[in-house]
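Let's start with one chain on its own, the form predicted alone, as structure tokens.
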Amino acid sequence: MLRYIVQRVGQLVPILIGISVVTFLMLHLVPGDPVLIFAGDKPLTEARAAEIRHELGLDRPIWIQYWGYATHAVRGDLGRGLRSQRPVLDSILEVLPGTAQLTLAALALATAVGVTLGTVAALAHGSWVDTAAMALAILGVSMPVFYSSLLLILLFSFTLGWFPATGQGGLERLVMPATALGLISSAVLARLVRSGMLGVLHQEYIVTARAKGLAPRAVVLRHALKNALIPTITMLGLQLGALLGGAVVTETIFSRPGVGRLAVDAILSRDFPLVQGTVLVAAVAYVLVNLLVDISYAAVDPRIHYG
């Protein structure tokens, strides 16, 4: 296991380098002059523009600029925002807990609803319960995050008055954003769990377990569901990327401070260092979570051995 972890961490190095290259090139490929953005509305002479360009390191060859960016990023220095002049990492860490709370809540909700719905649909295969469960799953997959967010606000905030529409703080302000964000993932997981369970329920070891007189609950939870979770675990890692992307929309609609909303504000103000930092942090988080997903396979299925 340790050898496998070391190998997987080693494989992450070129991926992280590629991510850093792409995020660095954003500054040079996106239209707009960072010097003019840095100056804002202040009058700018050519001499002052050259001075700012030198301060930002934009007068150096691009490969030297990247080397400086990469070496600073490894030490946790992602530069300073052009507008706020605050360290980018400080701005991200300030709102990161809100995004982590929203994403983890949405992932937990999606897992609970998806696994439950998929298992029930598989056990009731061919019945109206199966049809209704899959109809709900298709509805969840087909509904964009921004639309489900607006529907939830209209129903539970404006009509029923159960939850506040916007803001952050407390469980009552987390329910609607997490639900809106987790709907699509729960639908995807439900269909995947149903498919996996249908493939497992007719295996010989399940038939043998039932023939030995094991309780149906033990057969389903200890044998069938556990062996059907391998592809589901893989999908959980992939769904994290979708949740991080959906958090941009959700945080904006529900006015929640977070990395997604910070990235949107940075894009609108063309604060390139801040955009670079938010993209880099989100990409690294996604890569690390998928590493943990790969390692977790052995805990779920003891038949898997890493050489």
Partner chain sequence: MRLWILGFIMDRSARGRRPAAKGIQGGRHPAARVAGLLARSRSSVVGGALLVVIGLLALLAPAISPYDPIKTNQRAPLAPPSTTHPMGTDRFGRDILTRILWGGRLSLSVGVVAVGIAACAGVTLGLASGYYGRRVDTAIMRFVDLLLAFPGILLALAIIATLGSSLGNLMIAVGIAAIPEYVRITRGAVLSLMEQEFVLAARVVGCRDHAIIFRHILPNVTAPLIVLATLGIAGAIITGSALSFLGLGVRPPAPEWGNMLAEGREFLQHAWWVAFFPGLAIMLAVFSINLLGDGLRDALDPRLRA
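Residue numbers count along the first chain shown, from 1. Note that the coordinates shown come from a computational prediction; the quantities given were computed from them, not determined experimentally.
Note that the form predicted in complex with its partner chain isn't included here; everything after this is about it.
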Report task. Report the stretch among 82 to 90, 153 to 161, 97 to 105, 168 to 176 that approaches its partner chain in the model of the complex to within 4.5 Å, counting heavy atoms only. Result -> 153 to 161
Query raised in the report: Does its partner chain come within 4.5 Å of any heavy atom of T71 in the model of the complex?
Result: no
**Report entry** Contact test in the model of the complex: L29 vs its partner chain, heavy atoms, 4.5 Å
**Finding:** yes
Query raised in the report: With the partner left out of view, is V22 within 4.5 angstroms of its partner chain in the model of the complex by any non-hydrogen atom?
Result: yes
**Report entry** Contact of A50 with its partner chain in the model of the complex (heavy atom, 4.5 Å)
**Finding:** no
Report summary line: its partner chain in the model of the complex has a heavy atom of only one listed residue within 4.5 Å, and of A112, V129, I233, V141 that residue is V141
Report summary line: Within 259 to 288, the residues having any heavy atom within 4.5 Å of its partner chain in the model of the complex are A263, V264, I267, L268, R270, F272, V275, V279, A282, A283, Y286, V287
